[in-house]
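Only one chain comes next, encoded as structure tokens, the form predicted on its own.
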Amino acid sequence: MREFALIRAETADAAIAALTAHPNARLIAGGTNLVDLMKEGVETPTHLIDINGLGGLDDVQARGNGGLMIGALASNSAVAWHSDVQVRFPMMSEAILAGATTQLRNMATMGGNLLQKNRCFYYANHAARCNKRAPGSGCDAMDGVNRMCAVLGTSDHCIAAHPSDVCVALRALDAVVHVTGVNGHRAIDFADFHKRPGDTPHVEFELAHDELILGIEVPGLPFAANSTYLKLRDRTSYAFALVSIAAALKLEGDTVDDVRLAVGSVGTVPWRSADAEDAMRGAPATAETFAKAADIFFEGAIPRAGNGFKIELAKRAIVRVMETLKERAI
């Protein structure tokens, strides 16, 4: 790990000023991902700006419309066990609890989770080519070990899958990320926050260097009470997902009235398909309907030698989750 200076910011303005003054500075709160990458020499900041002293960003506030405002410094554990989250948005609670150890969840923050880096085998391997780590160097995952890589949203420059669990649920829930920076406050739709790789895979977030995340707004969605998160992985104990599903379902009799569906670890960003959801709305709540939607979800998928199995695995998982939610809704 290289030498760095530590700056403790007590206000958002102070943090922004420090970011502006130091082009290679990084914000740190829980540090559960950043510190690991610093040890690997992937992240080499000259300055770390500690934002744990920022007040008012570590709570979960209920909104009158049934939604929530989650502070960026709220710990994953605090959010997962919050009663409003568990009752109104169980998919979010289940997604958080499916990831990492209790100790990590106690340290990790919600804002940091949004900025979590990928776990592609080549990203932290300095002997390998990786366009995320070293832009323009190439991508050894294309023809290498790509079992954990993405099949949706990929490009000729990167096929790394997005790793977060809770981000899949937040994508399904149409969350909004609130940030502040030199140019003031702005709200970013969750669908736009994570960037697909294109020809600039090192540009991962819709976030300027001088901006910091204040919180995550989750709009009210009454039928999200009937939601769940399924994570399929090589081992149950704290492994990253091969495929994960975040879904919510509302029935009107035997017909799908409304639905939300996002799939994790198959896309370069948390992936959602409006066409797949539309295929279910107004259709009979049957396994055939769910399977058709799953086929639509993966139209355009580009598998590599090692990860093609994810497509069939995810399709079956979608049907399984929707059937489970159907039983709960009846």
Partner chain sequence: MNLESKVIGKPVSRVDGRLKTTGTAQYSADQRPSEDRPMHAVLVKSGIPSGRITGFDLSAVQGMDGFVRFLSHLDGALIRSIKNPADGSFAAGEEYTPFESDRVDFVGQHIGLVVARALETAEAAAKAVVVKYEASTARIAFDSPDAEVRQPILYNTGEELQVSRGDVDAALAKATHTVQATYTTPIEHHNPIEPSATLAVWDGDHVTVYDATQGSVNDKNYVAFGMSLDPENVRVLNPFIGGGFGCKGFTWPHSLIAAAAARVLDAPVLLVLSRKDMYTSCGHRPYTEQEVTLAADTDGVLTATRHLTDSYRSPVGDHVEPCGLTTAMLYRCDNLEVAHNVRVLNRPSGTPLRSPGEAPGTFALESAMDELAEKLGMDPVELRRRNHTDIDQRNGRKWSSKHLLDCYDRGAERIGWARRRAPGTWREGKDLVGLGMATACYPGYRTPTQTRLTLDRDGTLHVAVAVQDIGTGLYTVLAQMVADRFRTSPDTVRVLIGDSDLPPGPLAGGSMTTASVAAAVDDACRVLSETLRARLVKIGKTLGNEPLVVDGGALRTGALSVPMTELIPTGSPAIAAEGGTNDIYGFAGGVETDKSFYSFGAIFAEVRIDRDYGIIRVPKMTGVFDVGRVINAKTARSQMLGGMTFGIGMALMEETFIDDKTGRFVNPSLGEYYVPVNADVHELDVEMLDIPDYDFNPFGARGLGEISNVGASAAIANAVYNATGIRVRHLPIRLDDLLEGLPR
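The shown structure was predicted, so the numbers you read here are calculated from the model rather than taken from an experiment. Positions refer to the first chain, counted from 1.
Keep in mind the form predicted together with its partner chain is missing from the figure; the text below concerns it.
Answer for A317 alone: is it within 4.5 Å of its partner chain in the predicted complex, judged on heavy atom distances? Result yes; A317 sits at the interface with its partner chain in the predicted complex.
Its partner chain contact at V87 in the predicted complex, heavy atom, 4.5 Å: Residue-level check for V87: no, no contact with its partner chain.
Might Y122 be said to contact its partner chain in the predicted complex, defining contact as any heavy atom within 4.5 Å? Y122: yes, in contact with its partner chain in the predicted complex.
Proximity of K117 to its partner chain in the predicted complex, heavy atoms at 4.5 Å: No, K117 stays farther than 4.5 Å from its partner chain in the predicted complex.
Which residue among D59, D295, D278, E40 has a heavy atom within 4.5 angstroms of its partner chain in the predicted complex? Partner contact (heavy atom, 4.5 Å) among the options: E40.
Quick one: which of 250-258, 149-157, 183-191, 229-237 gets within 4.5 Å of its partner chain in the predicted complex, going by heavy atoms? This holds for exactly one stretch, 229-237.
Partner contacts in the predicted complex for 277-313 (non-hydrogen atom within 4.5 angstroms of its partner chain): The stretch 277-313, when checked against its partner chain in the predicted complex, contributes F309, E312, L313 at the 4.5 Å heavy-atom cut-off.
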